[in-house]
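What follows is one chain in structure tokens, specifically the form predicted on its own.
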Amino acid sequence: MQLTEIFTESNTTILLLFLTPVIASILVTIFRQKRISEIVTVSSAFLILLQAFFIISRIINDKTMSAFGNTFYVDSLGAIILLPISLVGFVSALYSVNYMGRQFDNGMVDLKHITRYYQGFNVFLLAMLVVPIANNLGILWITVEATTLISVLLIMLYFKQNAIEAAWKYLIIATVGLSFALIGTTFFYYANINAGTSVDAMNWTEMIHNSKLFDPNLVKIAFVFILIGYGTKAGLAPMHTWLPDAHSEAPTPVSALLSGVLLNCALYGILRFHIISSYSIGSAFSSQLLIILAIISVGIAAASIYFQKDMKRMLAYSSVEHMGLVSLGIGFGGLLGIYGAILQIINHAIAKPMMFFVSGTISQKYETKAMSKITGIIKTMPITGALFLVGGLALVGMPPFNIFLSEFMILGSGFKSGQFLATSLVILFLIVTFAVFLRHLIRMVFGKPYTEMKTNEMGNLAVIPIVILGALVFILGVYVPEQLQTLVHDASTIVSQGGSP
């Protein structure tokens, strides 16, 4: 292959996107200085955000982009996942400066931990960036597995007993789950080979092209493995048991990435195979399985939130609920349901990191994650308390915040498609979640502080990312920009029709 063929615009764009976090990680390793690590990581995350916006704008206009012999391929569905990865990656990097800085000043971490954190942070971003751009489904599986290994090291950063136990639990359950996803991927590859494809048989575009020739029984078995495998990593119940421990023990910026972004990467894998399955044997089989897991997820989340005493665990179970709602919208199908599910992916990826950031700041102030000991936030931290209230109301689907719109579409599609029992059950569970979550929220925000505490807000570098996400939570609740509407519509068309919009 000649150099002119390698350095095409698409190849160069993708290569630069991948090299940015790699170079940042190398620089952090070389210099091993706190301030340099912070500057390099924030700068790298900002460059990734700019590059992602460039790719997304190109997708809006050209619909698809491929690179390196079609090994990498981006369409509107991939762009939907790329958007929150880049956005949450940037605000998490920005928030890390203040959060990890306070940990360093308080003696909870030393320079070695800071270096390890920023190394892992950049490599973690790299692994997640590859997921929505990989056309080769083998590479997709490898990078999702890589996110597990990298995030395990970030979760056990402090080497505390609870964090180590959570990390090992996550590693074992996620690895076993992803082994199921590997088997499912292999079955789809085998089905593609049997259909007569010998070149690029692992590529998603080739599987879609030949999917009508696949053995129906093999497709059903393969999708069950995929759903169990990637569903484990996506936090769908009953395979969700690792999620509350891992998300609650990780450093707060990592928790934001895990809940707001990483779960989407695993769900993206399910979506890609759901499209192949629907195009091959019709959508009824995979849709019904998604609806069943969605109902279980929302129901278990509602019950678990009721009994929670830890603030971050409560937010983690909220992620189980919202992943269930996305699955529900995909399962209900139709343009309205899928549109709502795709929009829910973005809305949750904005609201949940905001809540983790605010909760991290509150935990540092109160020196605990126990909700029973966190009261009167609005009095001790007025700005933080107001932002915590806004984020909490958004998560339970209150208007005029963003999640209300996508949840309304999903539930509306359920009634429209005749899924009255499933929709009614989910609404019942959502009512329980609303009441319980709101009870915890009001008590923490408006209760009387147990002890006299000085009014003390977080630093500017912690406020800025929270305000950015808070503004988006409100704006997307009342207005969806035309470019985002186009992107979500095109992604919905890909899911519903199994091809390019």
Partner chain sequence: METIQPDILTISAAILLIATFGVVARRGFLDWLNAYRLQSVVLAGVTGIVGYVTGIWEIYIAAALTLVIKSVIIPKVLTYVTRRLEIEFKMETNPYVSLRTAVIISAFLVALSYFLIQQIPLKSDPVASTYLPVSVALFLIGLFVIVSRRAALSQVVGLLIIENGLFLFTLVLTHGVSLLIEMGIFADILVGIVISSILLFRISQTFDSLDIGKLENLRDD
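Residue numbers count along the first chain shown, from 1. Predicted model, so just to flag it, every value in this text is computed and none were measured.
The same protein has a further form, the form predicted in complex with the partner chain, not shown here; the description that follows concerns it.
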Legend entry - M371, L425, I164, M108 - the one with a heavy atom within 4.5 Å of the partner chain in the predicted complex: I164
Legend entry - Contact residue in the predicted complex, from L126, L94, I291, V152 (heavy atom within 4.5 Å of the partner chain): V152
Inset, instruction - May I ask you to state whether V176 is within 4.5 Å of the partner chain in the predicted complex, using heavy atom distances? - result: yes
Legend entry - Close approach of K212 to the partner chain in the predicted complex, 4.5 Å, heavy atom: no
Inset, instruction - Considering only heavy atoms, tell me if F332 and the partner chain come within 4.5 Å of each other in the predicted complex. - result: no
Legend entry - Residue contact check: D245 to the partner chain in the predicted complex, 4.5 Å heavy atom: yes
Inset, instruction - Would you point out which of 94-102, 344-352, 179-187, 268-276 contains residues with a non-hydrogen atom within 4.5 Å of the partner chain in the predicted complex? - result: 179-187
Inset, instruction - Using the arrangement in the predicted complex, list in sequence order the residues of 142-158 with any heavy atom within 4.5 angstroms of the partner chain. - result: I142, E145, A146, L149, V152, L153, M156
